[in-house]
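Next up is one chain by itself, shown in structure tokens, the form predicted alone.
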Amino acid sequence: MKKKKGKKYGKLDRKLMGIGILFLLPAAVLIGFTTVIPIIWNIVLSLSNWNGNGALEFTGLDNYMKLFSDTATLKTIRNSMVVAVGSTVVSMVLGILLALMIYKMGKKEGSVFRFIFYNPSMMPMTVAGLLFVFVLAPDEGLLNNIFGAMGLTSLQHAWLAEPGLVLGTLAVVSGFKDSGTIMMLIYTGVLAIPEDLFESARLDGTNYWKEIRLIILPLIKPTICMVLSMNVMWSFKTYDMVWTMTQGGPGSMSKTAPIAMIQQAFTYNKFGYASAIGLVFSALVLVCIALVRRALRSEAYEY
């Protein structure tokens, strides 16, 4: 049995490979300093006690044991899960619906509505949070005043102060803000579908609902999977929106894992415990993304 010979590179190939490595080297160094080294440092820190000034004291898995026995910290992780899942559902459903509706509009009308619906996504998260604080204020807020003008006083609530409503409200606001980006990505995927498929379907008497169900959704499923994975990562970053709107209140009802992590590190100087929270939370996010991608596995269509 003859051994397979390894691939031989010519002089030109080796030269091009060297140039490619040279161009990639700055990016590799940047990624190393901004991602790889911080991850390694956080792993080391999570196994130690450090107050930011003194010497590092190795404690093994004590921080992780404390985390899994601390009901307050586990509650912040649960709150993050609730906000992330709710925000993802709202943004995906709203973004896909907006993309499908805009696709049937003319070019001028579609461009106007794309700008309108994408505009909230261009706002900084803190600015959007402050705007919704005024909209959802209990007495002078726009939403409660609209309900009052319509005679629907039973629907008026202190949206950011009632324990049973605050997490859902934050999820809806965060999902609404991200829906514009989802809309643009899904709309781009729909535009990539050849028009011939739609013309053939129309000749067979297919309406737009059947086009969505039989043509659009199956063909953009890889796009939906990619967008959903990105959206899950965005939705777990709940610090700026939650801190701007509620600061984790009322009490700690809306405190999320990023807020708890920052408070443990920079308020109580427990950097090791904060690192443990961050690593466990990051692992949870990775598991969620892996489950989403596995659930939405699809065939690749060529057209």
Partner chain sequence: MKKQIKKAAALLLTVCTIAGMSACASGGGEAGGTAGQETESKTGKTDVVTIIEEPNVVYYPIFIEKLKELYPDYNITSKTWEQSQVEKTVKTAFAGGESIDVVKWYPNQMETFISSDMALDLTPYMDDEWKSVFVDGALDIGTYDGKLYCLPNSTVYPDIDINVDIFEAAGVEVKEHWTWDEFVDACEKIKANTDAFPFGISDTRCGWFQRNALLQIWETRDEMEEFIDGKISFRDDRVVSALDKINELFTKEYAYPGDGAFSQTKDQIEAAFTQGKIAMMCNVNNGGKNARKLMAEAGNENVRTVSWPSMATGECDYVLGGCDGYFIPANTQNVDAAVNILKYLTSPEAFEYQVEDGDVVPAKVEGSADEEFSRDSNKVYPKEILSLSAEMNDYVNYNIAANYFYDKENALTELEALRESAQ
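Positions refer to the first chain, counted from 1. Rigid core: the largest C-alpha set superposing within 1.5 Å between the two forms. These numbers were taken from a predicted model, which means no experiment stands behind them.
There is another form of the same protein, the form predicted together with the partner chain; it is not shown, and what comes next is about it.
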Item to check | Of M253, L47, L67, M241, the one that lies within 4.5 Å of the partner chain in the predicted bound form (heavy atoms) | outcome: M253
Checklist entry - Is every one of F33, P163 and F266 in contact with the partner chain in the predicted bound form, taking contact as a heavy atom within 4.5 Å? => result yes
Checklist entry - Counting only heavy atoms and a 4.5 Å cutoff, which of 133-141, 204-212, 183-191, 100-108 contacts the partner chain in the predicted bound form? => result 133-141
Item to check | Any non-hydrogen atom of G60 within 4.5 angstroms of the partner chain in the predicted bound form | outcome: no
Checklist entry - Heavy atom to heavy atom, is V287 within 4.5 Å of the partner chain in the predicted bound form? => result no
Checklist entry - in the predicted bound form, does V89 have a heavy atom within 4.5 Å of the partner chain? => result no
Checklist entry - So in the predicted bound form, does any heavy atom of A158 sit within 4.5 Å of the partner chain? => result yes
Item to check | the partner chain in the predicted bound form - contacting residues of 20-45, heavy atom within 4.5 Å | outcome: L22, F23, L25, P26, V29, L30, F33
Item to check | Large Cα shift (2 Å or above) at L284 between the shown form and the other one, core-fitted | outcome: no
